[in-house]
Structures are given as structure tokens and as C-alpha cells.
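Coming up is one lone chain in C-alpha cells, specifically the form predicted on its own.
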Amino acid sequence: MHLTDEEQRLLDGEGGPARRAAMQLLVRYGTVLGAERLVDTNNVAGGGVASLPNRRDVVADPMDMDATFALLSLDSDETFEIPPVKANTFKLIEGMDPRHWQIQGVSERTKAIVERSQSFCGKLGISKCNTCTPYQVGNVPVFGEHCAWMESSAVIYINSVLGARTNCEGAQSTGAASLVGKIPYWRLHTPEGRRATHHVRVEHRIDDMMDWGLLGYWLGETLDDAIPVLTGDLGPGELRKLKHFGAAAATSGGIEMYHLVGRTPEAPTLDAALGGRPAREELVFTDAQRREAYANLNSATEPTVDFIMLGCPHNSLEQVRLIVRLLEGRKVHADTALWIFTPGALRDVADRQGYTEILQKAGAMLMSDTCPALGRVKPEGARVAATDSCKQAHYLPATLGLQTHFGTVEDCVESAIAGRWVGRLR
């Protein structure tokens, strides 16, 4: 790998032991990937320091944040102080909601670890947005900007909808990138690596959120980590729908980018999206594929629903408003918990709008900073869940052992009121 003079100095230790460890990691990582060089980045979205329950158990003392960052974000057993970040860095999703941690069943020890992690991130200069959707709360990279982002649903969104450039990074590569402002230049950072590989013709009208999700889920199952370009009967794709669509495609497979002809910035035409090359394969999405994806997402055999989760990826304010309208003046069933997730910054706005109070009166909870699948949080005794999220429907059976129903947000709200699943594929 070719290094600039600045990069070589960092590798030699000129910037201190933590930045040296960061460069060592990025050089190893880039070499394995076949990257010939690094590229500058000033936009990192990562884990900060691990406080999620599925990661902190591997460290000797999760309250020692310098050692935790060194091990989990730099792959180093050395002991050294972590300096402030060099790149503009955003903290992704956390392990609990700071307002409702007790309702989520979070222990005092976990709460203490999360709070220590948050304080440590602040000291390093990491912005604590605590959401899987940084683009909803101020981090909106521009077209062509080189980024280093974790979180599959965020990666596919900024690559496809905004035209920013990032591969799906991990805790180590984003941790290292935050300290030195570098990331390996390969695949989706390169123009040729962003070209579509497969052409998908959509022959069943895609309009509502659920159908965008089902299309994405089928794409991921079918294409794994390819880059599809889509044409055909696609209705309007607002932020919330494309957020839902991309999250589903990145969950069932490894899709990190897609093109919609005439809509996404790198696909003015089908030929442009393909880079002048023929597609490796042409596929068709019809109602049969839609029904297959719906069946794959509905694992529950019991009609009773005791937990309903809305907001994965985290809900926009528009989505919260819709739920408020569906619930206002009504009551959630006494045996059912309805949890709605949104970024903390948007929950603050929802508080001022009066949305939080309306939801509370209906028996629902507006939460932030985490989600059931990543935070491992759920109502005590919950066995059967329902969600409008393909991602949560995919993960909840494995991560929390929940039977899961999948449907529209309207299906989920009506089921919350009835205490049983009332959704169906229309």
C-alpha cells in the first residue's frame, strides 16, 4: 500500500501510540482488501466506544474506556490514552434509552457503563447523536464525499440516495478513521466500484412503506451483496420509504448501494447506472416475489401480541406524527406494550409538539438512542412481537427469541389496540 509522508509519520508513531495503532490497523485492513492507498475522510459514523451488550462482554473492565476503545475500536491490547478525534465523528446507536432505561429492563451496571461511554465520547469530541440515522439529525454528507460509516441501513442510504461514498465499515475501521481521518480507498469509494451489476424490473406497483420494505427484503435475499439498478412501476420514494427499503435490502443480504433510474444521483439513465456495461443478470419482481418476502418475515404462530416495536431505522418526525394521529383518543391494550423509537434530537421536538404526551395518554412509549435488536431490550415477559420493520422482523427471533409478525404501521397500531395481530397482506 502506498502511504503519503503524513501517513508514514503517523505509522511511525509521530502522532502518539493511539494514532499509530489506528494507522497500523488501517494498513492491515487495506492490504487485505487490496486497496492501493488510503483516502482522506472528515465524516465518520461509528460505535465510539463499545457499550452495547453484545460487545462489552469481551473486555476485562468495560468501565475502563481507554482500554475498551483500544481493544474494540483499534484491535490493540496496548494501554494508552485515547486522544481527541481528528475527523468529524458521530456516535451511532446506544445500549439503552436514558429516559426509559428501567422500563427497558436495563440493569444499573449497564446504565453506568453507557453513561461512562457517553461521557468518554464527549471528551474525545465524538458527537453523541445515538441513532442509526445520523442523516436525520444533521450529518448529511454531500455528493461524492468520502465517509467512513457503520450501520448497514445508514450506509446504503447515503451511498444510494445522497451519492456519498462509504463501504459498510466496522467498529475497528471507524474507530481508526476517527483518529487519523483516513480510510482504505476501495470498492464504493471508487467510480467503477459503484456501477450497477444487476438490473431489476419491478412489475408490481410499489407505493406504500410495506411494499418498499418487501421489495428491499427480496432484493437482499436474491442478490446478496450485488448493486442493483431498478426500473419499472415504482411510486414516490420519500426519505422514510427509501430508508425502509434500503434497511430491508441490507438486512436480508449485504447490499450497500442501489440505483433507481431517474431518481438517485448516479442513475440518470439505465446505461449510466450500469457504466455502459451489460447487466450480469436481469430479474423481475412481481406479486409472487412480494408474497414470498411477506411470508418469510412473518414467523409468529400465535395471534396474541404483547410487544409492538415501531421505528427501525429510527422514525422520522413525520412517522411519529402518523402514529400519533392513529392513536389519538384511543388506548393500547392493557396486555400489549407499544414502543416507538426515534433519534433523541427528534424526540425533543416531539416533546415540544405535544406528541409524546398524546402517545403516553394512549399507553405508548416514545423512546430514543437504542432499539430492541441492538440494545437487547424488550418488555418483561414479551414472547410475541409485531413490527413494521423488515430489519426487526428479521433479527428479533434470533436476538430476543421473539415470535414476530410483520405488517404496515397501521396494522401494528390496530394490533396494539386489539392485543392480537390483525394485519394481512393486501
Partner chain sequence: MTTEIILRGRGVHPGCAEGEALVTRMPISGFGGIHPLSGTITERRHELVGQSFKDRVLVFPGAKGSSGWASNFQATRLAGAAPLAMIFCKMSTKIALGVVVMRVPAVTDLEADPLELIRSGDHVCVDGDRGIVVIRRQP
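Source: prediction; values computed, not measured. Positions refer to the first chain, counted from 1.
Only in words, not in the display: the form predicted together with its partner chain, which the text now covers.
Comment: its partner chain is not present in this chain, but in the predicted complex one of Val349, Leu71, Leu239, Leu322 has a heavy atom within 4.5 Å of it, namely Leu71. Contact with its partner chain in the predicted complex, defined as a heavy atom within 4.5 Å, holds for exactly one of Phe341, Tyr157, Tyr217, Phe90, namely Tyr217. Each of Val32, Arg187 and Glu256 comes within 4.5 Å of its partner chain in the predicted complex, counting any heavy atom.
Proximity of Asn42 to its partner chain in the predicted complex falls outside the 4.5 Å heavy atom cutoff. Among heavy atoms of Gly363, none comes within 4.5 Å of its partner chain in the predicted complex. At the 4.5 Å threshold, heavy atoms of Glu81 stay clear of its partner chain in the predicted complex, well away from it. Contact annotation for Ala21: none of its heavy atoms lies within 4.5 Å of its partner chain in the predicted complex. Here the chain stands by itself, but in the predicted complex one stretch of 113-121, 311-319, 100-108, 145-153, 145-153, has heavy atoms within 4.5 Å of its partner chain. Contacts to its partner chain in the predicted complex (heavy atom within 4.5 Å) from stretch 166-193: Asn167, Cys168, Glu169, Gly170, Ala171, Gln172, Ser173, Trp186, Arg187.
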